[in-house]
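Just one chain is shown here, as structure tokens, and it is the form predicted on its own.
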């Protein structure tokens, strides 16, 4: 008993630094924030109890409603897209081919790069004369040649497959060897047509799409709660790009445990790669999908840093989220801090995140996972 008691004391001593930090910076801070949310505290005067006035005032504040709309749409859209793309990318990188380790490391790089650096790069890319508009302009200029290349390659592929099958040889429509020949011949045909002047890039006006300094929404004229501000869509693109690799790694670890015999049996039964993906891959990684969805929903609802870095590059109402709304009211620059109002916003965000996670857990369990 004495030895067991000594081990228990030693364990608590090792945990003491963590428990101290948890108590001060989480438990104590949470209790204080809950208390301040019911007061009119502003850092300079003694807090006065105002009850639920701060919570009622939230839904009368236009900036808070914009932040709520932006956070909910951001969480739903980004979570759906990056979860699906992360699973697809993991399925592709789960193949045993030469050099696959290099591609796994390369695709994971955006997740370990500084969020500030990535945001600044995307901030430059989304300028009116930035990379995104330049690529859009180049695509429009070369679109006739690209369409011609794809059509020629498609026709050549169909002709080759039909020729092989006429000789009683097995040939798939996506046969890699035939596809390489089709692409090479299509490239040669495009070079010949451009040399003869039969094909050429078309003249297009410079793309001047405004990504940041605008209040326009997608789709234009949609109701307030269904419209995505264009600057927020730019942040969505960046967030999806930087977060997919992390979730891809989780899916990749889960796919390593899926027995290869399942795919072999499905192939023998004639299942296509698409059928195997939806009937084997997705059900097999369902527990990881729940984890990815949970982490993604929490992260997107609390998204802050990218909005803060964008700063004055976009109208505040077009990019503000609930987390940034709390920060904006807590540290309003030259104005008096609204600590009680900001605390109420923080409590609302915490309750919203908890409700979304619990609802998601209930829905996923109802599906049998």
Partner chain sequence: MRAATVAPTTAEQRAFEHWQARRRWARAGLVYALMLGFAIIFVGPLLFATISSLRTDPLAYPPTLAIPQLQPGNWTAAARLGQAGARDRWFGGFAPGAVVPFEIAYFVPDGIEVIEPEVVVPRRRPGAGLGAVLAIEFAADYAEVYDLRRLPDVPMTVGDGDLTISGRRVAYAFEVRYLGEGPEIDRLPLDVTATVGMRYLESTLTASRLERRGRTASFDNITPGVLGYVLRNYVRTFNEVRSPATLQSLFLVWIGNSFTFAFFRIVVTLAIASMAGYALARLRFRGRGLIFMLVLFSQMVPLQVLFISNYLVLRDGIVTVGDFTLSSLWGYPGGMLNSLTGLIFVTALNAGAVFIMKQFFESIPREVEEAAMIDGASHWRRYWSVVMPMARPALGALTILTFQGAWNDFFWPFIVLTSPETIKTLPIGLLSFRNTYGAVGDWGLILAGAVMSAIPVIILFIVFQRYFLEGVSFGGGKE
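Residue numbers count along the first chain shown, from 1. Rigid core here is just the name for the largest C-alpha set that superposes within 1.5 Å across the two forms. Owing to the predicted nature of the structure, the values given are computational and were not obtained by experimental measurement.
Absent from the display: the form predicted in complex with its partner chain. The rest refers to it.
Its partner chain in the predicted complex is not approached by residue 359, whose heavy atoms all lie more than 4.5 angstroms from it. Under a 4.5 angstroms non-hydrogen atom cutoff, its partner chain in the predicted complex has residue 104 among its neighbouring residues. For the chain shown alone, residue 244 is a contact residue for its partner chain in the predicted complex, at least one non-hydrogen atom being within 4.5 angstroms. At the 4.5 Å threshold, heavy atoms of residue 195 stay clear of its partner chain in the predicted complex, well away from it. Heavy atoms within 4.5 Å of its partner chain in the predicted complex map, among the stretches 282-290, 219-227, 179-187, 146-154, onto 179-187 alone. Comment: its partner chain is not present in this chain, but in the predicted complex one of 278, 209, 134, 173 has a heavy atom within 4.5 Å of it, namely 134. Between the options 77, 233, 118, 271, the residue in contact with its partner chain in the predicted complex by a heavy atom within 4.5 angstroms is 118. Although the partner is absent from the chain shown here, none of 40, 50 and 199 has a heavy atom within 4.5 Å of its partner chain in the predicted complex.
Contacts with its partner chain in the predicted complex, taken as any heavy atom within 4.5 Å, map within 298-320 to 299, 300, 302, 304, 305, 308, 309, 310, 311, 312, 313. In a rigid-core overlay of the protein, residue 297 has its C-alpha displaced by under 2 Å between this form and the one not shown. Shown in the overlay between this form and the one not shown, fitted on the rigid core, is a CA shift at residue 172 of 2 Å or greater. Relative to the superposed rigid core, the position of the CA of residue 104 differs between this form and the one not shown by 2 Å or more.
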